[in-house]
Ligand SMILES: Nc1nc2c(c(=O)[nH]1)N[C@H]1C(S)=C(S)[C@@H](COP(=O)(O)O)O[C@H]1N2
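A lone chain, given as structure tokens: the form predicted on its own.
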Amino acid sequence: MKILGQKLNRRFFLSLFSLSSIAALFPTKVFGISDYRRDKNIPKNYIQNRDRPGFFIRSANPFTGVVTDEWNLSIGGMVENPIELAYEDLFGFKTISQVSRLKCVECWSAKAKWEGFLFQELINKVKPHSKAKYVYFQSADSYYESYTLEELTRPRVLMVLRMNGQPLSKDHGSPLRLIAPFKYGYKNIKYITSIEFSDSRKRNYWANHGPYSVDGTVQPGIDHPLDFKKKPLTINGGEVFHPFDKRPS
């Protein structure tokens, strides 16, 4: 296993633990970035980090959320057919659903039913060049993330429009988010506004601002599922399943 080109080792985990401990002692800053979850000056209608029962809320910066009628998705870069899609255009893609967990580096996980479309639908529309091996996402809350094109075409990676039978809420990424269950939550970008195909890896928000890897694949360790009273359970890495989860057929 590697992180940012270096082998994972005891020193890395100790440094990660130290940084997490510092963040807990000084909650207004997380790895040099403001942590707004305890800032009472932010209006309650703003999206911000909140530890709500069942599924915690995380965003890079507090903001009022996306106005769907004013939103569009820009897809370009190394493609034959750059396009812009309105919200209603997304419902022209074949919709599928799955139940999967989002696993956070903060040690918790939460389960939901996600409904959306495969990334392959966008590939078919824009026709990336043969040298386009990476995909760069940007979001309405100033977040950014990147994947290899191969990762985005794996099974159970979804461009999500609905969560638990309802349209995505502002808290959970409306109007469009990504779910890749084998990646940590920070890779599962919300409020997506643009997608760019490239021949090189672009930046990653938490790889720049914290000790997290660009790859972000879930590693073996301990999970505290929110739907099981945070009882610590062992995970093997990759997509997280627990004894009380129904595995996909």
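Since we're looking at a predicted model, the values are computed, not measured. From 1 onward, residues are counted along the sequence shown.
Here the subject shifts to the form predicted in complex with the ligand, a form of this protein not shown in this document.
Not one of Val67, Trp71 and Tyr136 comes within 4.5 Å of the ligand in the predicted complex, counting any heavy atom.
Residue heavy atoms within 4.5 Å of the ligand in the predicted complex occur in exactly one stretch of 76-84, 93-101, 139-147, 120-128, and that stretch is 139-147.
Looking at Phe197, you'd find every heavy atom of it more than 4.5 angstroms from the ligand in the predicted complex. Remark: Glu151 does not count among the residues lining the ligand in the predicted complex, judged by a heavy atom distance of 4.5 Å or less. The closest heavy atom approach of Phe182 to the ligand in the predicted complex falls outside 4.5 Å. Contact check for Glu115: every heavy atom lies farther than 4.5 Å from the ligand in the predicted complex. Taking the ligand as positioned in the predicted complex, the only residue of 105-134 that brings a heavy atom within 4.5 Å of it is Trp108.
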